[in-house]
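Two forms, one protein chain; structure tokens for each follow separately as structure 1 and structure 2.
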Structure 1
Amino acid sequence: MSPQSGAARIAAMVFGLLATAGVLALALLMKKPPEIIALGPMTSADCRQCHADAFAEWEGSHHAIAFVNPEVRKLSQDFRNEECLACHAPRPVLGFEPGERVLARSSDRKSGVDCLACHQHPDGEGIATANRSPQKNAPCKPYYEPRLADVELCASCHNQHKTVEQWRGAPAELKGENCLACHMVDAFREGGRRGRHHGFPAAHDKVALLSAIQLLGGVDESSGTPWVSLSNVGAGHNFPTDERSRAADIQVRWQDEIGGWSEWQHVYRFRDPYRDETDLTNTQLPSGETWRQDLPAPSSGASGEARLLYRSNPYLPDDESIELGRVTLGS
């Protein structure tokens, strides 16, 4: 056997050249086989040519980066942990029973949760749509599939931490709004057809985050005690949901007589703890509910401020977190 395996040599070649000769060498070496007219089933990359809008929206979404997301790569040791492939590079969901968890695929992993992951017919031929009368003779063979617009589609990947369960019985469900109502708003397509936006805005989008909550505060008129409250007015599930690392913290600070501010003090954390944090309980804020707490001032009549910080992981320092709101307590 040669000292260096064939594959290692290719790697050395490709990546070595890459470093030295730069992009030109890369382009030469990685010359792709000539494009073939789609004879058989398509890949997600093929959708772009005819559905440029939906494709561009999806490209900006976290579904598109599910496999390349640096956060995920770090935690999965670059997907050496194959357990993580299941939802981050899934086989088409419609090939599974409604709501049952998906399993990993072997090809085109880089495209993450891609078009086929949500749209492909279980037998490979045909594209599911929630449109009852699709244009059946279109090249991608669209067919009506009610499950596409059902929560069960999302549940296959999004219920490990109970987001779908939290939605059941929440005000949104009672109003007949499922995940799509908030995460796939209307988008207008060429020719005036109504489409759905494929960007899935949520915890990485400040506007979406702001729409989830209402932060209030003041001083109780009869007792004179300052208070703060947070309501989950806009998330159809707990706030924050799903990803266990998320944390939202209420903090408070007070002003002394000469106008100087104290340090921010921690008041309350909304979060679903990791499994091994056995000393913590789940303090997520359910949809439609309000949390409220009195904040006795250090000296009577002192004025203060409360704020809400959102952290994409619980150890993120204050200055890297997102401030979602601030209220004045007292005069």
Structure 2
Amino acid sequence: MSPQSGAARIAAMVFGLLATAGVLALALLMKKPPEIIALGPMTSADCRQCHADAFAEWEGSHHAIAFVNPEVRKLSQDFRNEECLACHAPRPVLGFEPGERVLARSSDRKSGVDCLACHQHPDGEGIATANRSPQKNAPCKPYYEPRLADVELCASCHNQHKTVEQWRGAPAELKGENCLACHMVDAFREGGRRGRHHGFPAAHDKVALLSAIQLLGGVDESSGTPWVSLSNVGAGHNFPTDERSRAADIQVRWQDEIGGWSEWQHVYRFRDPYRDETDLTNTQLPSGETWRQDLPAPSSGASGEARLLYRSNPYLPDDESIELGRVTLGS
């Protein structure tokens, strides 16, 4: 066989392979994609099928127990204070104007602030996502909704106690772009996909609380006076914020000559009181600010300690509160 005929045969084989590949590619393009049946009326439990990680994070959050939390039930008088219902079992927030107060839903309240509360289209036509390129043929019919990254979405519930207003007035280096940087940190899903953590760490998370404040104390070198201070170094809003039931207390105790300790004594409380507590004033610590107070020691040169206790309920006893820091006062 001549070199020319061999080259011709190879060229013919290559042409045949390319033609076959082209036919296959055309067939794939013309093949009807599998039919996706859109979901009908949904509950948050439906989200678990495709978003197991995010659903598990939400299940461990205080959003998930917003309606059934025993502490909430007690403070709301078992929701006889109906004003609390709107934010503890809300209708889909996207059905309201940005920042507008939501209304309570009448069914499935036990799910609290569930997936649909933040993500459901106001007409039930699809699920909102912050993903700019959602998988549009998914059963829940996702669509891009920029409001999901806007503070006004959170404001519908979380500005009832002026938290978003506090954020607007916070120093730029602490407030960040929106609420998500602190309360929906990055989470990496299967395959390395980047998302947002749906655990919403905040006032019930000790790590989040510790990132917000700095407790210091000591003895003034010139006067010998013990002192204690608290700085809001990490929160883009007041400390503590949101619910008026939250409180943070500075306490101090002193050691005698033989090493015995006194009982803890109250020094100061950081809290926004309820409207009917007319004898109290708002003592929250604004973002970026420092509170400091000199302490009267029982005797010159006395050694002491100061601590910060955080209470999710202002009437919680000390042993049920969270200690966020302790400093030594004197040698």
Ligand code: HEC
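Here, a residue number simply tells you its place in the sequence of structure 1, counted from 1. Just so we're on the same page, rigid core means the largest C-alpha set that superposes within 1.5 Å between forms. Quick caveat: nothing in here was measured; it's all calculated off a predicted structure.
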Checklist outcome for this item: Between structures 1 and 2, the form predicted on its own is number 2
Next on the checklist: Once you overlay the rigid core, does the Cα of residue 173 travel 2 Å or further between structure 1 and structure 2?
Outcome noted: yes
Item to check | CA of residue 74, rigid core aligned, shift of 2 Å or more between structure 1 and structure 2 | outcome: yes
Next on the checklist: Using the rigid core as the reference frame, would you say residue 195 shifts its C-alpha by 2 Å or more between structure 1 and structure 2?
Outcome noted: no
Next on the checklist: If I align on the rigid core, how far apart are the two C-alpha positions of residue 109 between structure 1 and structure 2? Answer in Å.
Outcome noted: 2.6
